[in-house]
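One chain is shown next in structure tokens, namely the form predicted on its own.
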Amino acid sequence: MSSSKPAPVGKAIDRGGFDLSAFKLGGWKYPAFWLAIGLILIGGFIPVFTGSNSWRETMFLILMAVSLASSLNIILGYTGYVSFGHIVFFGLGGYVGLYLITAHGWSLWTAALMGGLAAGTLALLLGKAILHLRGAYFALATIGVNEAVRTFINNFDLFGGAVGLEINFLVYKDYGGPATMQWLTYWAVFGLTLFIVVLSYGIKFSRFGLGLLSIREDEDAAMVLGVRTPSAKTWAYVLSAIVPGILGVIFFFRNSSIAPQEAFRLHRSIELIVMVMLGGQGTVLGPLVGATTYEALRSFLLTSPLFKDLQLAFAGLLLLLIVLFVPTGIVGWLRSRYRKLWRVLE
């Protein structure tokens, strides 16, 4: 009888690391995967069942938050690198996409792909420059990157400087008018949410993901075991940046304008960290649970006359409470308390 040994983690990463056989070896069999997909499908079709534009706008924001949090989870949850500047990919993608639409007449879809490519390219360059930093040094570097890009865009005349870019409403005629465009962009975000959740699940249960998790637990030990940590971290960073770049194009196209102060909000990056940690970093369901919970709380605070100016204060307080009392998040707490839910909540 012949037997084959699995490739070492390091070699798997060198080949690209995205071992799709992870699904064949049991990934698809996990109830957690189907639970995540089911929740997204149910939530995504609520506006269709209700016929409510209000529900459509609410679910649009929730799905976008889930996508952004899930993308951040690839670098924060799987690799352990806390990025306070993740929103820079969202803003840069939005700017690149809207510039191509307004100045060169590109379609939304091709511009969105270019926005994702621009964000991925920035992440590739940044990854080689700052991912050798660890802990607080990396976190501070990501804040600096966000502010540097915001300042550059603010003084970049090609992108409209401090004023930003605006879309002529006549452009929406190519998409059936503003009303139809609202639904088109909604379904685009819905599809991206499904994609990033499937990608996140595939990464976690691949040899590439095993390498990332080993980096999170002990980077030096991971290097000894054969993981090429610079390459693994860089590609995780790139993968975490592409979807935010695409989302930025769709979001600002939907809003018809973009400006530096809207595209590179530092507090939005902090909110994404809260979402990931609230749900459970390093889990697939965590960003989904955390983003939905936080967006519901945020909506309540913004519409409450008493608390509307305390949104960020609550976010900070919530992050403190999570770190002190529930460091594994909602999903992690449920898994530790109810062992039978171990395979259902992943």
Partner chain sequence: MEQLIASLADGLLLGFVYGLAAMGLTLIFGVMDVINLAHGPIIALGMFAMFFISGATGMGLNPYLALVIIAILGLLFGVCIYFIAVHRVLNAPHLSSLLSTFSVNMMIIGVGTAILTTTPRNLVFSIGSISLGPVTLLGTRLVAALIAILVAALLYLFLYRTQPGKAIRAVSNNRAAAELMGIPSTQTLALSFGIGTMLASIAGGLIATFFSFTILAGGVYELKSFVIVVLGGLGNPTGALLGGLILGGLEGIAPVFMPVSWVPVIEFVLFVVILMVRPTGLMGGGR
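Definition used throughout: the rigid core is the maximal C-alpha set that superposes within 1.5 Å between two forms. Residue numbers count along the first chain shown, from 1. It should be emphasised that the depicted structure is a prediction, and the values quoted were computed from it without experimental measurement.
Unshown form predicted together with the partner chain; subsequent notes refer to it.
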*asked:* Since the partner isn't included here, can you check whether the partner chain sits close to all of 145, 151 and 312 in the model of the complex (heavy atom within 4.5 Å for each)?
replied: yes
_in the model of the complex, segment of 132-140, 106-114, 222-230, 201-209 with a heavy atom within 4.5 Å of the partner chain_ = 132-140
*Can any non-hydrogen atom of residue 273 be found within 4.5 angstroms of the partner chain in the model of the complex?*
yes
_At 4.5 Å between heavy atoms, is residue 194 in contact with the partner chain in the model of the complex?_
no
*May I ask you to check whether residue 184 falls inside a 4.5 Å heavy atom distance of the partner chain in the model of the complex?*
no
*Though only this chain appears here, would residue 84 touch the partner chain in the model of the complex if you measure heavy atom gaps against 4.5 Å?*
yes
*asked:* Using a 4.5 Å cut-off on any heavy atom, which residues of 312-328 would contact the partner chain in the model of the complex?
replied: 312, 313, 315, 316, 317, 319, 320, 323, 324, 325
*Hey, does residue 314 budge by 2 Å or more at the Cα between this form and the one not shown once the core is superposed?*
yes
